[in-house]
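Only one chain is shown below, in structure tokens, and it's the form predicted on its own.
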Amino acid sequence: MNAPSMNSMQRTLTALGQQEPDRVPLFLLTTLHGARELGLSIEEYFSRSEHVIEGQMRLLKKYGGDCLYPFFYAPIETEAWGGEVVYLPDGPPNAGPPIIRSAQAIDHLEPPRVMESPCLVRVLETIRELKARVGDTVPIIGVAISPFSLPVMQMGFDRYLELIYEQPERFEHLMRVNEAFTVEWANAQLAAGATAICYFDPISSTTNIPRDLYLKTGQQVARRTLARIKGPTATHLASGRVLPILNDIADTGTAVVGVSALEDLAELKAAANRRVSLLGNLNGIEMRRWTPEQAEAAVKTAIAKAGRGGGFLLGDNHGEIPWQVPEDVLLAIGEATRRWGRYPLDWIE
């Protein structure tokens, strides 16, 4: 017997409570596709909160997902620090030249104030209006780059790794400055109406650094930062491997972990052991070339591996679906979730 129908918020909260809702929640993290819906360039689309509000509402209705995702683009955070944003015609905007040009500059670095940053205020306006439209029926997911991962955009990957290994005192100072910004930014989004914060932390992945370094750096930063964020968080490693540190991430107090297509969902679900819920792990890169039939098969496989017992949100593995993923594939993912994700999942052998 199927569970009674739920709205998106009820469905999500039930799954996060490690119970089975009416069906598997679908977190279809489409951002750039809103520009296509409105017939705008990506740069024009993100220039006004009204565009993103309308785009998110259209995408929610069209694909039948279970969340709104008012994420603009990753370098919006370094833009607030005075950085440049490089727009592309068919992909997410990138960060321009580093804003920290020497390690010595860290000594005098001060975080920007969120309410004095026009780019961040646009995001808050978007969240506020989305909340006014959906109330408590649909989760609204805010985004904050972790203080530990933000320096890749602030100063470049190579110089940041040198800082971690060679100048630990300056590294700690940079973390304290970044933590102040991340906490203010995350809490401003929650105050505007976000249900939870996606804490993007790809540098913590064992794809990028060894576990022992994570335990001394990224995990400590996450413990301090998440403790000051006034709402639930989901930690996402943006396609990076997570299995070797899954329980270490759970120790930071996060509620959800975004998981990679590089790892097996059944193994991840067993390792999570009801301590955290999982979000993933459809391969966004391969998704660009899927047929609708392949999309359905991928959805079925993911649900079969991780759907039972709740604690699972179906989504892509990176936290942002590429511009090149066609409409028919996204429609097929939504339809397959509604067909195969309905509990009690008695079709699974």
Partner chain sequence: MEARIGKFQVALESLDKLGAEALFREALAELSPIQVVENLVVPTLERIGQGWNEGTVALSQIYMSGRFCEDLVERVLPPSDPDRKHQPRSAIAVLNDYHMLGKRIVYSMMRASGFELFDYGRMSVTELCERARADGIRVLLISVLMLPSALKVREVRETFDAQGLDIKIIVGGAPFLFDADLWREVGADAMGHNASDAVDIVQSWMGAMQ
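Please read these numbers as outputs of a predicted model, since none were measured by experiment. Positions refer to the first chain, counted from 1.
The same protein has a further form, the form predicted in complex with its partner chain, not shown here; the description that follows concerns it.
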*Among 125-133, 222-230, 201-209, 143-151, which stretch sits within 4.5 Å of its partner chain in the predicted complex, heavy atoms only?*
201-209
_So its partner chain isn't shown here. In the predicted complex, which residue out of E43, E286, E293, E50 has a non-hydrogen atom within 4.5 Å of it?_
E286
*According to a 4.5 angstroms non-hydrogen atom cut-off, is Q324 in contact with its partner chain in the predicted complex?*
yes
*Is P111 a contact residue for its partner chain in the predicted complex, using a 4.5 Å heavy atom cut-off?*
no
*Spell out, yes or no, whether the shortest heavy atom distance between A261 and its partner chain in the predicted complex is within 4.5 Å.*
yes
*Just to confirm, N317 within 4.5 Å of its partner chain in the predicted complex by heavy atoms?*
yes
*Using a 4.5 Å heavy atom cut-off, are M57, G65 and C67 all in contact with its partner chain in the predicted complex?*
no
*Hey, which residues along 89-105 are within 4.5 angstroms of its partner chain in the predicted complex, non-hydrogen atoms only?*
D90, G91, P92, N94, A95
